[in-house]
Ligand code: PDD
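For reference, the chain that follows is the form predicted on its own, supplied as structure tokens.
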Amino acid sequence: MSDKIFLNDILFDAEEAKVSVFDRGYLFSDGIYELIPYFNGKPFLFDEHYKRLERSLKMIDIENPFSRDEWADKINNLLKTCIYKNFSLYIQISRGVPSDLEDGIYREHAASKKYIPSVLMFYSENKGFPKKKPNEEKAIIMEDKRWLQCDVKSISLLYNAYAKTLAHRENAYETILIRDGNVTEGCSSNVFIVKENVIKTCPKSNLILPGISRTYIIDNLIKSTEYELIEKEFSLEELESADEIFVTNSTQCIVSINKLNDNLIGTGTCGKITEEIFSQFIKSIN
């Protein structure tokens, strides 16, 4: 049975869903997205993800096409077709297609016409979600060359995708990005380091995406431990000399980075603090 795709109020088989070549999401990456994890069939921090979706739409001046109740109804209708327990719901909203193409102007940088937003939703099984301990992975380092509005969850992910592809070629899970000598974030994750039992992560700003899992782990898990947390910029040198590194995202929650480029981090295995926070996370979602 094919998974179902929601596209502009119609459910399609995955192979049948199509968008217009004149969609500004296709032509200009003019849109935003959100990814909501579901654990044991239940959404994790749905309200927080929805608020970030609204914020991203507002920041690029796209009107929310549905009310919150309409979103809930449409999501529930789509997920009636989902058979997975652990999965991610992907939502994408682009500015869409011009309502009138009779003038023969099919592509223009300025969004000067009336547009019909395109709304896409689909779900994907999370096959790699760890149950007992964090995955241990390698990361590489690259210069952060993205635009300066990284706090918008934009579908314009060219540099992220490029850097992640280079990581894949190096058998690495993630690329950690460096701007002006300081760590910003990973291509698809927020970055934490541990040094002498102190946990550090860079603060929220326009240079990072405000991760929902990041905020939850800080406010609900780390702050309930005995460990000191510092939200402050930290350097590449601090990253390389850390006792532990872990990254957070919505699908894998916490991943231990035990190798940076060709150098081991700490003992080369998942550190005790990372494992402790991961264990708390697993208990909190069960």
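None of these values were measured; they are calculated from a predicted model. One rule holds for the numbers: they count along the sequence shown, beginning at 1.
Below: the form predicted together with N-(5'-phosphopyridoxyl)-D-alanine, not depicted.
- Remark: S250 counts among the residues lining N-(5'-phosphopyridoxyl)-D-alanine in the predicted bound form, judged by a heavy atom distance of 4.5 Å or less.
- In the predicted bound form, N-(5'-phosphopyridoxyl)-D-alanine sits within 4.5 Å of a heavy atom belonging to I212.
- Not displayed here, N-(5'-phosphopyridoxyl)-D-alanine is approached by K153 to within 4.5 Å at the level of heavy atoms in the predicted bound form.
- A residue is said to contact a partner when one of its heavy atoms sits within 4.5 Å of a partner heavy atom; Y33 meets this definition for N-(5'-phosphopyridoxyl)-D-alanine in the predicted bound form.
- In short, of 61-69, 255-263, 48-56, 231-239 it is 48-56 that has heavy atoms within 4.5 Å of N-(5'-phosphopyridoxyl)-D-alanine in the predicted bound form.
- C187 is the sole member of A139, I93, C187, V183 with a non-hydrogen atom within 4.5 Å of N-(5'-phosphopyridoxyl)-D-alanine in the predicted bound form.
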